Structures are given as C-alpha cells and as structure tokens.
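Form predicted alone, single chain, as structure tokens, below.
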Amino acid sequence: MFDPTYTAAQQRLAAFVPHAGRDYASARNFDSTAHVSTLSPYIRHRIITEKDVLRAVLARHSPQAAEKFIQEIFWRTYWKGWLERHPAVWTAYKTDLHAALHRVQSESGMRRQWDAACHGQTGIDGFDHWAQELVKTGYLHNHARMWFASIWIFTLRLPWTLGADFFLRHLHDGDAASNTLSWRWVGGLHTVGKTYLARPDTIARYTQGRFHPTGLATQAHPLDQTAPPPPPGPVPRSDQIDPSLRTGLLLTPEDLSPGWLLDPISPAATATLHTPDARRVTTFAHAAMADCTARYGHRLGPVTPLSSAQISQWARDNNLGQIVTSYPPTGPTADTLASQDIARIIRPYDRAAWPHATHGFFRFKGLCCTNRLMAEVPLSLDRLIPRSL
C-alpha cells in the first residue's frame, strides 16, 4: 500500500492536492482511504515535510477551503510540540506499558482478551476487521483508529497502553507523540475528563453500513491517573554546528529529507541509524532510508549503517570532530540516542511551532499562525486562523 520512496510521496501528494479543499472537508470522516490523503507515513518520517504539503495545498486552495486538511497537519505538529514540552508523559507511558505487559503474562484472562483483540477475534463487528486491516496494511483511517481505541478502552476494558503499543508496532506512520497522546485523549487523560465514546450509529453511518457493532460500552468514564501532567517544560534548544570541525551526519527515521542540513555542512561521512526492533514502522523507515541515501548520495560521503552502540567507534574511525543530526523528538529514536554526544539541530518549522504547544490544540492553532511560522510556509495562513484566541 505504501512505497517508501520520495517519488511515491510526491505522486501521492500531487494526486491528493486537487481534493484537499471541499472534497476533503465533506468526506474525510468516512472510513475509506479514497477520501483522505494517506500521506501520514511519508510526513511522519519527513520523506516529505509538513511545509511541503502545506505549500502544495495552499498553492491550489484558499486557506478557508482547505481549513480542515490544514488543521490535520497542525494536529501532528501540536502533538509533537506538546510531548516535547511534557517528556515525562512518554516516560510514564513506557513504565505503565511494562506493567501492563507483565499483567498479560501473569493474568490468563487478560492475556486471552488481549490476544483476541490483537488478532481481531473478539466478535465485535468492525473492531475485528480494523485489527486485521492494521496488521495487514500498516494503516487505519483516523476515525477507525478512534473507534478502535474507544472500544479497546471502554468495551474490552484493556489497558490503553497495550492498545497504543499495538498501534505503534504496526502502523507505518507510528509516531510516539501522535499515537500516545491520541490514545490518552480517547481515555480522558489528555484533556482531563474529556473522553471519546464509539457509538454504533456513528460507526454505521461513517462506514456506510458495513459495520454496526452491538454490545459496545454506553458510557466512557475518564481513566484514572495518579497525577495531572506537569506544567510544560522549556522548549528544547537547537544545538550549534561548528563549521570548522570535520563533520559526520547521522540520518535517523525521524527526518529523511536532509537537504536542509546539508546546506551548512559537507559531511566527511554519513551514518544511518538502524534499530534492532521488528516494528513495521522500522521496516518502512529502513526502506525509506535507503531511498534517501540514494537521492542524496553525491552529498553524503561514505554511508555506513550503524546501531547506536557503533556510533562512537564510527566517529573515531572517520576522525570526526562532531556528529550532526536532525533533532529526534521525544520517542524511541531519542531514547536510543540519549547518551550520544551529537549535535541535535531543530528544523525552523518546529522551532516556530513548538513554543505554542502549551495548552489545547485550538489555542495552539491560533497562536502558531505568527509571522515566524508563516515565514516557514511562505503562503498566507493568517486568513485561516486569527492571530490570538
């Protein structure tokens, strides 16, 4: 379903752009890939970037016509920025997931229910189809993801962290911020007290009668949490590149459009970060990485695939004075590189947007339309959203 190449991403973007306005706004809620862009795997790994997509859409549509689609791009940016300001939420998720996996091993009833949910064998109409579709294709429509998460949490009463882990292991666009925070939102943990309840009539309507599940939970009480999220921390700072040093470039699955980093540096050597886990997103990203190094090969110097444990030796072998990488947002890649001495450079788009990800999305989408962010997308967005709310 997804060819992990820049050419495929550009073709998919070009095919979608004519439909990014009123067509998308009117049909986006229906559970069908025919009505959405399916660009998320490419944007998630920045095979193409948010800026690329916004510019293409706004070259064809007015901000008002494309408002709904533009908001979806901003949702991804908001989730990234919010988790970057609240990294303890990611740490807590990993801790809670470890505890939930222990329960799966020690509680036979939960293990059977979890296994049935992951294999699509619960007997719940629609839910079983989506579980199998996810495993088969690596993709689900956004509404299907919401319905699935709601049923997982409130009908099956399984730990939300196990569901988030199931998604993260299989989605081509699996992303720590979007995935973790969306599951928290469904469960009433992100916007405290606000939950999302999957309703049979809604599912029937937006699947055009394909599914009409029975026996779903009729109430969605917010999940308990030991404490509210801490107040937002400081915006991460971009490191500095020393142009006088012999430089190595580290490519990670977080940013596979490294042209912006190649302007200030000419790497003496390049490494690609390969991680040992078998998540589907890793398989997709590794293939996309190969496409990236082929496209930029004439500017990268020798390219070496590495694990994190091999980075220091690679730097010594190539007599490097510094290693530069695109800033890895909070998540598995950042965890992998936590102890490495690397200059992490934040894209201008992220530097402009992340300071505003302090509260809810609708405040964010207003405040992020400042002159600084619009300079990163040099087409007017100020007509779309007021400067402040």
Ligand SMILES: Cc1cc2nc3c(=O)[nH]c(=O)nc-3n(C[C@H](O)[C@H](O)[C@H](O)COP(=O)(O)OP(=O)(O)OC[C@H]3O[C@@H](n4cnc5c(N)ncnc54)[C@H](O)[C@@H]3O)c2cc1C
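Note that residue numbering follows the sequence shown and begins at 1. It should be emphasised that the depicted structure is a prediction, and the values quoted were computed from it without experimental measurement.
What comes next is about the form predicted in complex with this ligand, which is not displayed.
Stretch in contact, per heavy atom within 4.5 angstroms of this ligand in the model of the complex, of 140 to 148, 302 to 310, 97 to 105, 187 to 195: That would be stretch 140 to 148.
In the model of the complex, residue 40 touching this ligand (heavy atom, 4.5 Å): Flag for residue 40 set to yes.
4.5 Å heavy atom contact, residue 75 to this ligand in the model of the complex: Yes, contact at 4.5 Å.
Contact label in the model of the complex: residue 182 to this ligand, heavy atom within 4.5 Å: Residue-level check for residue 182: yes, a contact with this ligand.
Residue contact check: residue 69 to this ligand in the model of the complex, 4.5 Å heavy atom: Taking the distances in the model of the complex, the answer for residue 69 is yes, it comes within 4.5 Å of this ligand.
This ligand in the model of the complex: contacted by all of 79, 173 and 178, heavy atom 4.5 Å: Spot residues vs this ligand: full contact, yes.
Partner-contacting position among 127, 160, 284, 167 - heavy atom within 4.5 Å of this ligand in the model of the complex: Contact with this ligand in the model of the complex is made by 167 alone.
Residue (of 346, 352, 36, 320) lying close to this ligand in the model of the complex, criterion heavy atoms within 4.5 Å: The residue from 346, 352, 36, 320 that makes the contact is 36.
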